[in-house]
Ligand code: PSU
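Below you'll find only one chain, the form predicted alone, shown as structure tokens.
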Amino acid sequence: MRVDPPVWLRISDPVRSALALGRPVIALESTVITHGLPRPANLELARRVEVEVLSHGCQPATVAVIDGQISLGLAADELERLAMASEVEKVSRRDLATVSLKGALGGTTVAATMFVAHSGGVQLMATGGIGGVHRGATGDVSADLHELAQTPVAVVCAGAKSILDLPRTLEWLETAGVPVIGWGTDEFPAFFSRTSGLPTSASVSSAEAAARLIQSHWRISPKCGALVCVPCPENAAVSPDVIEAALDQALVEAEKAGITGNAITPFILGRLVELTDGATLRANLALLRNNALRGAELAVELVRL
């Protein structure tokens, strides 16, 4: 899909060229780089993912805010700076204008990445896991869900982050009309774990089948996103029992420390790494890479079709 980009959006030359030529492009979320992984593993993964996406015939377009410039596609030095900087904003869609005016550096969430990708004419993005409905009676619902309901971008992920209320998250998506497509599974992945006991709304076995289903969805619901769920690679996945035990402890610690809002997810993910002796970090790295590669395959099929 070719569009005239808005004046506020900076598109890198490789991404602009790929879009002009009708080549496959996939947007990549950047809060996983800035807030989700420790340094220098974050930079190593970001570089590796971009190289591997390119090797699959697809142009990577990492989304971020660089000195106030909302950017679709980063240069190598910008990616390194984003990964290694100590002061980086976490940017959801609502924060784009604020961070832009401040001239700050920012990593974009799923919601912001979807919005920026769509604004630049990119139909697909990859991430680790989406946000969702939080556990308990907080009433906290991630902006990722609202963005999926109103922006026609397909998000390749390993389900929702396992710290969330997964049944309520799926109910929210159903109410909003967002298809939840399992790729090679009919069960909603639980991020670090391959299974959750919860069904997807559809299941496909190949990139071509996923692309056809997404195109059919957009013909019928042209203003709504889609979720493409790929389980964490089996050799890196963590048992749900191990995750739940560690998560219970981390949630208690977060409550005692008064950690709330957008600070709670980075805190809990960090504690899970410590409480599982690094197992969740290994799973996170594996699923991020896997999602990007499956996303590249899907982008190629969307263009081919």
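Owing to the predicted nature of the structure, the values given are computational and were not obtained by experimental measurement. Position 1 is the first residue in the sequence shown; the rest follow in order.
Same protein, other form: the form predicted together with this ligand, not shown, and the subject of what follows.
By the criterion of a heavy atom within 4.5 Å, Lys161 is counted among the residues contacting this ligand in the predicted complex.
Within this chain, Val32 lines the site of this ligand in the predicted complex, having a heavy atom no more than 4.5 Å away. Residue contact check for Ala211: none of its heavy atoms lie within 4.5 Å of this ligand in the predicted complex.
In the predicted complex, no heavy atom of Pro60 sits within 4.5 Å of this ligand. For the three residues Gly182, Asn290 and Leu298, a heavy atom within 4.5 Å of this ligand turns up in the predicted complex in no case. With the partner omitted from this view, the residue of Ala149, Val153, Ala143, Val204 that lies near this ligand in the predicted complex is Ala143 [heavy atom within 4.5 Å]. Proximity to this ligand in the predicted complex, defined as a heavy atom within 4.5 Å, holds among His217, His118, Arg81, Lys90 only for Lys90. Note that among 165-173, 193-201, 227-235, 109-117, the stretch whose heavy atoms approach this ligand to within 4.5 Å in the predicted complex is 109-117.
Residues of 215-235 are not found to place any heavy atom within 4.5 Å of this ligand in the predicted complex.
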